[in-house]
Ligand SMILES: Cc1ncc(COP(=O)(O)O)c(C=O)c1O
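Quick setup: one chain, the form predicted alone, written in structure tokens, and binding and motion questions come after.
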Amino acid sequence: MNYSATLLESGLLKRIETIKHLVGNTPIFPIKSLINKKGVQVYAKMEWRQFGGSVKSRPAFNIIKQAIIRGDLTKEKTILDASSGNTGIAYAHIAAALGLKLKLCIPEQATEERKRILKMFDVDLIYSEGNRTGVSQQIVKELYRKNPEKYFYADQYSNDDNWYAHYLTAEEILRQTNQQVTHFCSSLGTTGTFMGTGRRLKEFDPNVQLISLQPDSPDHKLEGWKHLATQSIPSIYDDKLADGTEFVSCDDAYKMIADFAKYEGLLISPSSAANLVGALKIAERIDHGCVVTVFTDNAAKYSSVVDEIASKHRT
């Protein structure tokens, strides 16, 4: 986008320009040891390799950038949103770089690592009961209703700037696979990754198969994942986009963390591992194709999970 001269004179937009190259352009990782099927390739985007440390850096950056351009976010306002963790951390990085204030409501059951990171960025935190972001959303909506002049309510679950950020994810996938991608799968949380990447891939080739991934139980431990049958559905989600749905168990995801570290040399998060479980299920069903998924983040924020998995593998 070409900004007007007036906009470029804005201090916030000048700062946006200095960090925009740090968001996106993540490498793609070829899965070799866990799939050995002639004619089938599996890749994963390494989304922690960007400013903010996760796949959520893309929507967080775009939501903030577009709000500044529209004049909805100024230095006098505080960014307000609900998050299960990663979007909040991405907001924190970007808000700090822009000199903006941030207030978040996160589930009390978010990992301690995520809470500590957010506190390090001096984020004003509110905790909601349990582990469902729907409760957090209701809290921030009420805060915004009472003081709309005080906040920019980012509303990642309903904001089209969320999914549109992932058009770039799709462009990178097309370039990195030499336009050979046949299947794309990712988890549903805010659903932005799936919706934005999927829409662009379908525009490129309607035959690309889009498989949404969900936990196989409402009582799961995959942070950021939604079991749509029992949770509120984000308004940006279109259930007509997916060509199919794959259900993934937390146990399979945790096992994959150990296997992937052992055979591929990367320590990935539970969500990333669950995405890979889904991608490998798809790969096993097809005779030819290129399956792409997303490594949402690495294991840096999940030391308790890593300790639990490691204890099971000690001899």
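Every value quoted in this text rests on a predicted model; they were computed, and no experiment measured them. Counting begins at 1, following the sequence as shown.
What comes next is about the form predicted together with the ligand, which is not displayed.
- In the model of the complex, the ligand lies farther than 4.5 Å from every heavy atom of residue 57.
- A residue is said to contact a partner when one of its heavy atoms sits within 4.5 Å of a partner heavy atom; residue 188 meets this definition for the ligand in the model of the complex.
- Using a 4.5 Å cutoff between non-hydrogen atoms, residue 296 counts as a contact of the ligand in the model of the complex.
- Not displayed here, the ligand is kept clear of residue 198 by more than 4.5 Å at the level of heavy atoms in the model of the complex.
- Although the ligand is omitted here, in the model of the complex all of 87, 193 and 225 have a heavy atom within 4.5 Å of it.
- Per the 4.5 Å heavy atom criterion, the ligand in the model of the complex is contacted by stretch 217-225, the sole one of 217-225, 146-154, 173-181, 116-124.
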